[in-house]
Every structure is written in C-alpha cells, then in structure tokens.
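Have a look below at one chain only, the form predicted alone, in structure tokens format.
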Amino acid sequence: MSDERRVPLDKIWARVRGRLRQEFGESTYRSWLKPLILEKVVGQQAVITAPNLFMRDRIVSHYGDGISIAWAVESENLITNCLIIVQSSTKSVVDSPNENLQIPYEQISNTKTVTPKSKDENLLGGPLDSRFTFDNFVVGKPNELAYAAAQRVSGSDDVLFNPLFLYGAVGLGKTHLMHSIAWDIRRRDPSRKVLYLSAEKFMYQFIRALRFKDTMAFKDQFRSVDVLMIDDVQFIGGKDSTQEEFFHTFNALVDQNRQVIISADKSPTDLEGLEERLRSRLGWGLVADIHPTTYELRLGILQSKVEKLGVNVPPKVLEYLAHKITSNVRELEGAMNRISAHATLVGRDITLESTQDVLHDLLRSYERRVTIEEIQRQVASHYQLRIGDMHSARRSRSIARPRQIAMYLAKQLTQHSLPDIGRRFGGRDHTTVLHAVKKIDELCMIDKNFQEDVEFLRRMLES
C-alpha cells in the first residue's frame, strides 16, 4: 500500500475522541471516555486501555457501540474490532510524539468492542439499550407530546403517523424514546422486523455497499423491514448520495405502509444541507418537539435515577444539581453516575460538599458571570423599586432591606470585594456591606419565607 494512503494514528484517535465528546456529552465524556488511551493497533484490532476494571466494564456495556461507530465514521482503516483492557504500563502511542505509528487507509469492517456480533447484526442496525424503556422515561411538560406520540405509534398495529419525527436539542431524550418504541414493538409483536440505527451508521452501510458493489442487498435489507428508525438524521446533511438513497428508502417504506420514525436536532424545515423534497417528506406525518427541561423535570429525572442506582443521595444534592445542570438530561445523568461511582469507589457518603468537589470541572462550565448591576435590577424589579433606590441614602425598611439583599447576593454571586460592592451601592463603606451580609444570613435562619424569597432571587440570577 502506498504512503499516500496512510494516516497518522494520533489524528484519527483525536477525531474519534471529539465525536465521542459530541455524542455522549461533556459530563459523560470527562467521567468515562476521556481517560481512555489508544495503546496500539495490532493487525486489525485497536487496543484501548481503561484505568481500572470498574471503568472498563462500564465503558464496554454502555459506550462500546458508540466507540465502534466513531471509528467507522472518522476513519476508513481496516479495524475490525476494539479491545478495551485495563491500563498497563505500556506507553501510549498518542503520548509518544516521536513515534509516527500509522495504520492503512482502507475500508473498515464495522468495529465492535471486545466481542463482535453476528454478521447480520453487524450489517444492519445498532443495539438497543435496555435502560431506555417507557417505564424509565420521566415525563414532564417539555416532552409530553413526544412521549404520547411515541406510545401511540408503538402501541398501534396501524400506521398512524408516517413518519413520526421527533426533534430537540442534544440530550433531551430523543434516543431514549426511539429505543423505547423499538422495545415496546418487539415486546408486543416479536415477529415484526424493527431496525434502529443512527444516520451515520446508515451512511456507513450505504458507502460500504457501494464499495463492495452490493447495493441491491443493501436496498433489500432496508426496504424489507416493518419499522425503520433513523436517529440524528441531520448527520446526512450535505451527503448527496446518502440522501438520495435515504429518500428512495423512505418512499418505498411509506408506499408499503411500513412505519418510519426519525429523530433530529431541528424540525424538518430547519434542517440544513437536506434537499427540499426530503425535508418536505420528513414533515408529512407528526412532528413532535422536545423542549428544554424545566427544574421540576430535571429533579424528577434525578430522583428516578437515584432509585435505579440504589444510592443514598440527600435531597439538597438533587435540588442543587437540578438547578446547576440545565443543558440536557445526558449531562444530568452523567453527573449522577459520576457522583455514584466516586462514592462507591472511595466509600464515602454523598454530600453537597463532595458533589461540588467531584463535579468541580463540570460545574465550572455552568457558572454564569453575574454582575452587580444585574443583581440590582433583579432585586429592584422583584420588590417594585427603582434602580436608583439601590444607590440612594434612603433608610426606610421597604428600601433598606432589598438593598441589603442585593449586597448579600453580590457577595455570594460575584468575585467583587466588600469595598468594591459598597462603592457600587452609592459609595457605602465595606462595613455596611458586611453588616448587610450578616443580617441577611440571620434572617434566612429564622424566617423560612424570607429564605425562600432570597433563594428565589438567587435562582433567577443563576439561571
């Protein structure tokens, strides 16, 4: 094989890691996938090391297929499987910049972790996660339409909506609902042929069929299923040949009254890089969106997660996480897994302090810089005062108490010193700010309603 068709291994591994970060979220990536080290490639096998047996087993069972797909999409090298082992003393090739280890630039035969699957399963869809069922899905206002639509489709023998199109941002539950539908259909009627896979894997299988001149077999396999489920369809944007094949597969299944279920991060009309005719067809059936989570839904998800993990987590820790981690469910569950694993490994109780310590890197990314001016505006609006009252010399309680609250929050939520805070409140002395902080602390301890009022303002400012 010529040198032109050889690619540096460290660059391929960097691309794989980047895709894993995007696929599983920052929290899961940092906790479980970032510690992985690509040790070497032996023949057609990538040897990846994990720091310990506990992490290796969890990575194999929960993220193995994701690692496989990342290899398949990010490289075109002959790697037939990935072997994940406990970390040894062998030096990592990625940590050895002087070693220019390379692997042939050839066609991948679908990578698998530890134990390859059967040939048929390799060629078609991805595995279903046993955790992702309707029973384990926490329903709230942001996802109730998508949940109801998914249950109707899985529970009906007739094709009610074709396609069912689920969309929402990363980590809000689209994949969970897709897996739930597949499990429920298989439970109700095992004879129905359900095929679930990501759009990336669809693209990979199509390219593979083209290269091996086996497109007829590809068409027969995908157009003979009873239910086709394609996750994250946005990834075929800009891939003209794959879109063409998907378009014809979609039409063939709809014409045969076979169910098609699609997920994406945007609605059909907003998907970029897709042909207009394909966007039009994706919107034919029912389009159900999943909105960002609310505090109540995040708390419910955490409570459900704790029950399944069987760990003792104080309510104040759950409330803290529900307030702090607002981006998506995947980050939220990843944080809880991380806390649980830490408590199990070190043998310590879970507390608010230990949670903040374990998740310090993740929580830092959620910190928002709150300004003193923003605090003053929020407090003044809450108590129906003028912004000028935050700086004035007026000392009536109706003004002085909210001003003290604003000083207290400025001390808690900003990095400003006491003298600097005092200057921002009409040129007051630092002792005035210190008195305000102590006073609000005292009132919070003796007056629950007052404490809840201050906490509400804090949440508004941090959200």
Ligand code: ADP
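Note that residue numbering begins at 1 and tracks the sequence as displayed. Predicted model only: the values in this text are computed from it and were never measured.
This next part talks about the form predicted in complex with adenosine-5'-diphosphate (ADP), which is not shown.
For the candidate spot formed by F137, V170 and I301, every residue has a non-hydrogen atom within 4.5 angstroms of adenosine-5'-diphosphate (ADP) in the model of the complex. In the model of the complex, adenosine-5'-diphosphate (ADP) sits within 4.5 Å of a heavy atom belonging to F132. With a 4.5 Å cutoff on heavy atoms, S340 does not count as touching adenosine-5'-diphosphate (ADP) in the model of the complex; it lies far away. adenosine-5'-diphosphate (ADP) is not shown here, but in the model of the complex it comes within 4.5 Å of a heavy atom of R330. Not displayed here, adenosine-5'-diphosphate (ADP) is approached by T175 to within 4.5 Å at the level of heavy atoms in the model of the complex. Site annotation in the model of the complex: the residue of N143, T355, Q259, S198 reaching within 4.5 Å of adenosine-5'-diphosphate (ADP) with a heavy atom is N143. Picking from 244-252, 344-352, 322-330, 156-164 the stretch near adenosine-5'-diphosphate (ADP) in the model of the complex, with a 4.5 Å limit on heavy atoms, gives 322-330.
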